[in-house]
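Below sits a lone chain in structure tokens, taken as the form predicted on its own.
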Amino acid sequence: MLDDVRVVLVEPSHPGNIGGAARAMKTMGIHDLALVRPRRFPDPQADWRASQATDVLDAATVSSNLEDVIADCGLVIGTSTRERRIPWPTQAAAEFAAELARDGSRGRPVAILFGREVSGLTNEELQRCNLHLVIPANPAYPSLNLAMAVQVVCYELYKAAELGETNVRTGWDRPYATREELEGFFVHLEEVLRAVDFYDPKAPRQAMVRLRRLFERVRADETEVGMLRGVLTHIERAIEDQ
């Protein structure tokens, strides 16, 4: 389970937080770190804060594009403390960790996104997620330091894995659809909805956001997404034959 977890830091501004996150990960048996547009990395402060976890830093993936980092992932989880106008499926960190230990990752990486120190993840980034993860905290001051947030989430994952109930539910015949496959489906879906005059991009009224929320909540496997793409293709052919 822990080998499937990828911690993704989106635009971290302070290298010390990158090092602190790497140390937090290694203490909990998690080693896959990805950085999206870090302001300063590599950096001696990151190495210093990482202490004995510089191997996690050395192996970290650095990318200018979030989509590249999560393209192969079956589940994408966004950490967030803010309420949204359109609510998204939300779980506490401990609940998600227990679910992942129970159900497994179906052979796909599981990305957990942590946002910018000041502003967190954007709405667009959060809409790329199957669910939003929260760390219960004092409502009067719920903000955690980035490295501390990584530590708490990694601790919950480690604790759930150590309970020894990993992959109790087995036998699912297909892996989760990857993020790349899902994003291809969403593009295809929007094209078809525009073709049948269901969706007007000039007056969207959040239709695609809500449809995205629906399919993110389902957590479709790769075969199911392929079938949905096939349905959309048949609709396009029917339109052309009219």
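When you see a residue number, it is the position in the sequence shown, counting from 1. What you are looking at is a predicted structure, and each value in this text was computed from that prediction instead of being measured.
Missing here is the form predicted together with a further copy of the same chain; even so, the following discussion is about that form.
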- 4.5 angstroms heavy atom contact with a further copy of the same chain in the model of the complex for residue 123: no
- Interface membership of residue 62, a further copy of the same chain in the model of the complex, 4.5 Å heavy atom rule: no
- Task: With heavy atoms only and a cut-off of 4.5 Å, decide whether residue 41 touches a further copy of the same chain in the model of the complex.
- Result: no
- Is the gap between residue 20 and a further copy of the same chain in the model of the complex 4.5 Å or less for some heavy atom pair? yes
- Sequence-ordered list of residues in 211-231 near a further copy of the same chain in the model of the complex, where near means a heavy atom within 4.5 Å: 211, 213, 214, 215, 217, 218, 219, 220, 221, 223, 224, 227, 228, 230, 231
